[in-house]
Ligand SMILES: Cc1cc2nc3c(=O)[nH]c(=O)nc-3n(C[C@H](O)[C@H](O)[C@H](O)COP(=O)(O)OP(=O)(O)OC[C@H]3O[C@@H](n4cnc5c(N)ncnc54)[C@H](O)[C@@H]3O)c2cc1C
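In structure tokens, one chain follows: the form predicted alone.
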């Protein structure tokens, strides 16, 4: 590994890999540092006991909540980041999500960029991820400059029947946009171990396969795994980043560069900035505003199981349907936004043990076999006291203050109501906890005012001339759809800027 390159990218998730993909044609020497290794394709990729009961791929680390209690977060440190186990959903934010929106629980702030700014990058991100979908079916769909790269993944027969029944009720279900290779020449086999599992056959469109591997093939991008970045180092003025300190194979190394891109995930990026405090930046890097680590958001999410006691479902690829009928409210009954509803991957008995440990195994097995499983998601509003901090012992403290919970409860109740009307007499739900930070965002937000945001609208740190932070940490609001595609779109926008402006200038 060279001790000096043109660009260092920290993290190989969606943000970092998208930047690498953009810079692969730049001629610059680019080094991607990833703390994890490549996730091995092996039989236990699809073993529900190994993946869920034994958590074999989850990071073996403890974080701490606001009360100082430890918990094991749902973090996955591999090449490709959390996309190695994500549910492949690739929804765009609604155009309205980029403006100020009033919720029952408060105000969702406007972004410093509009939907129109990101639209061409959304289109490019969908192309790179090979997204399957069908334009024009989602009632809240924002304007598009073109259709999806591939048509929708076909519903399993039982899900197609559910969709028909929902339409009879006056709802507008639509095919869930998803990044899987379920097309001619693709590797996806539409199995029942996709959402939450690694893909043993590389049929999932994750950041490793869709972005990073093509970038590495260009020749000027290098990947270094097992590289734990401990801190960013500045010059004496504190304005310019000059190096990263990395632990690699048990020894400490320093790597210099002209440009640094931090894409370690919303929580770990904030932590690294705070841990990099020095005399010139006593509160951490990029933190003259005091906002680094604040405004942490993680969607209000609940699993909703719709049960038919006398019907055993044989659905395999369940995650193919979504509804946005209540995204901006419930008509005259409720004028505030509620959120998105989409199918989960098929729930299996080991997945229920944590929430239903009191129930005998045969009972959990019966539930899993007789259910259609949904995911209700509402916006979590930004709160400055919902934050990530670093403890005196170096540990990560995550103090999440949930917001907008009344709206989420209403969305879950509305979901249960229409599912009962659709022929499911028993509908139960379980809210996700802080241990599932899969939609983490907001900790290093971008904005027009450096007194209120660490980053400018191109994700460049106001305090440092050569530092960009490109992961979901830049989100000023969380909206109520999965964040991956929006991270990819902004990362492609930033990568284009770096290639055409920063690197040419140097």
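Positions refer to the first chain, counted from 1. Keep in mind it's a predicted model, so treat the numbers as computed, not measured.
Missing here is the form predicted together with the ligand; even so, the following discussion is about that form.
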> So in the predicted complex, are 33, 264 and 485 all sitting within 4.5 Å of the ligand, heavy atoms only?
Replying inline: yes
>> Using a 4.5 angstroms cut-off on non-hydrogen atoms, would residue 14 count as touching the ligand in the predicted complex?
In response: yes
> Counting only non-hydrogen atoms and a 4.5 angstroms cut-off, does residue 26 reach the ligand in the predicted complex?
Replying inline: no
> At the 4.5 Å heavy atom threshold, is residue 445 in contact with the ligand in the predicted complex?
Replying inline: no
> Would residue 466 count as a contact of the ligand in the predicted complex, using a 4.5 angstroms cut-off between non-hydrogen atoms?
Replying inline: no
> Which one, 398-406, 283-291, 166-174, 82-90, holds residues whose non-hydrogen atoms are within 4.5 Å of the ligand in the predicted complex?
Replying inline: 82-90
> Just one of 371, 324, 300, 268 has a heavy atom within 4.5 angstroms of the ligand in the predicted complex, so which one?
Replying inline: 268
> Which of these residues, 218, 228, 113, 242, gets a heavy atom within 4.5 Å of the ligand in the predicted complex?
Replying inline: 228
> Going through 441-472 from first to last, which residues have a non-hydrogen atom within 4.5 Å of the ligand in the predicted complex?
Replying inline: 471, 472
